[in-house]
Each structure stands twice: as C-alpha cells, then as structure tokens.
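Below you'll find only one chain, the form predicted alone, shown as structure tokens.
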Amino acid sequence: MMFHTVNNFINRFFGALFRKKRHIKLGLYGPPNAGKTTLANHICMDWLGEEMGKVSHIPHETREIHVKEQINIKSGGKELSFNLVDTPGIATKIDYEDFVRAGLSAKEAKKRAKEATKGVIDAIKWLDDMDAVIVVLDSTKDPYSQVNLTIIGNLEARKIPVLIVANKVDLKRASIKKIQAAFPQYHLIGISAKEGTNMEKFYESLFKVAK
C-alpha cells in the first residue's frame, strides 16, 4: 500500500514537472524571400548576440535546415526556451531559369534548384517534429497564393500551433488586413524584421502559441 502511495506521488510529481516544460522546438516557415532568415537573425541577435544565417535577395538562399539551440526569451515576466529552426522557403515549383534571371550561371542555377527542391522536402518532413510554427509572410504580396495555402494546410492537418507574422510592414504596399482576412483563424502580428519594428509585441505573441 505504501509503495503504491509513493509511486503515485512520484508519477504526479514528474507528470506536473514535464507539463511545465517550456523548452520547445519552434519552426520558421514561409515562401521564399518572405524574411524568415532575417527574422531568425534578429531573434538570435536579440537573445544570443549572434546571427543565424545568410540573407540574400536571390530566392532560396536558405536551402538547408538551420537550428539554433537554447534560445531563452523573456517578456512580461514570463520566460520561454526554444530551439529555433529556420527552414528553406516553401515553393510548389522551383525552376532553375529563375536563378539564371537572378544572375547565376546555368550550372550554378541547376545546382541551386536541385538543392532548393531537397530543402523544401526536408522542411515539410521537419513539420512532424515542431511544437509550434511561425509562418512568415511578405505583407506586400497576395496572401492567397498556392504556396501559402499549402503551408497552412499542412499545419492544420498536423494541428500545430501557429503564429502568422506579416513581415515588411515598413514598405508602402504592406497590408496586414489582407493577411488577416486570408487566415482569420490564426493570431497575427505585423513586423519589420529588417527594421526591428514591433519586435517586442512579436515576442509577447510567441507565448500565446507556445502554450
């Protein structure tokens, strides 16, 4: 009887302990050039003092999964610890000629297209390991794209908590309302990862999806 009592206590204690675990795996997803790596770099600079990856105007600069471990943020008296996963831009079609038009040689363009295709496949696979996802969208572009709908559809199918970031609000063509209208079921925050606009509210919003 005493054994069962002690055993039940231990199970309750460790069950409560693990329920309070605040270290999660947080993924950055979105179409190419939406600003995922720029946001990742801003987060890492704010809390670690170092950047995460290279940023470029050429699509699919990030073609591999990048992970920055043990980022600890504080906001409103709360703390959150996570591994940040920066993923390649999701695309439904990757054409090497797009890279040629961006200034790459045909050989380099074909190589990049192959790497980018593999990166997209890997990014989708990694969704199964995510505790929460930040979807980064370019607020100057039409949110009703096939790529965006594919990303959101994959997240809904897996029931993964989502925060949508409307990036590039510093630009004149930006429209947060269009993105909110497209995906009203999700919490949304408008930021400029490049300029650092609204980053404090962004950090506050992370606690809403990382429950």
Partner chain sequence: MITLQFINHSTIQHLPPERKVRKLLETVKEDKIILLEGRLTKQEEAHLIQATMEHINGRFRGIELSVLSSDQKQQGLMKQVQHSLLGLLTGGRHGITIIGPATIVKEIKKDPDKIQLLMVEARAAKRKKKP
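Numbering follows the first chain given and starts at 1. All values reported here derive from a predicted model rather than from experimental measurement.
Below, we turn to the form predicted in complex with the partner chain, even though it does not appear here.
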| query | finding |
| --- | --- |
| Heavy atom within 4.5 Å of the partner chain in the predicted complex - the one residue of D142, E64, E50, E69 that qualifies | D142 |
| Listed residue (C44, L149, I160, V169) with a non-hydrogen atom within 4.5 angstroms of the partner chain in the predicted complex | L149 |
| All of D129, I134 and K201 within 4.5 Å of the partner chain in the predicted complex, heavy atom check | no |
| Any non-hydrogen atom of E108 within 4.5 angstroms of the partner chain in the predicted complex | no |
| Contact label in the predicted complex: A182 to the partner chain, heavy atom within 4.5 Å | yes |
| Distance check, V120 to the partner chain in the predicted complex, heavy atom within 4.5 Å | yes |
| The partner chain contact at L80 in the predicted complex, heavy atom, 4.5 Å | no |
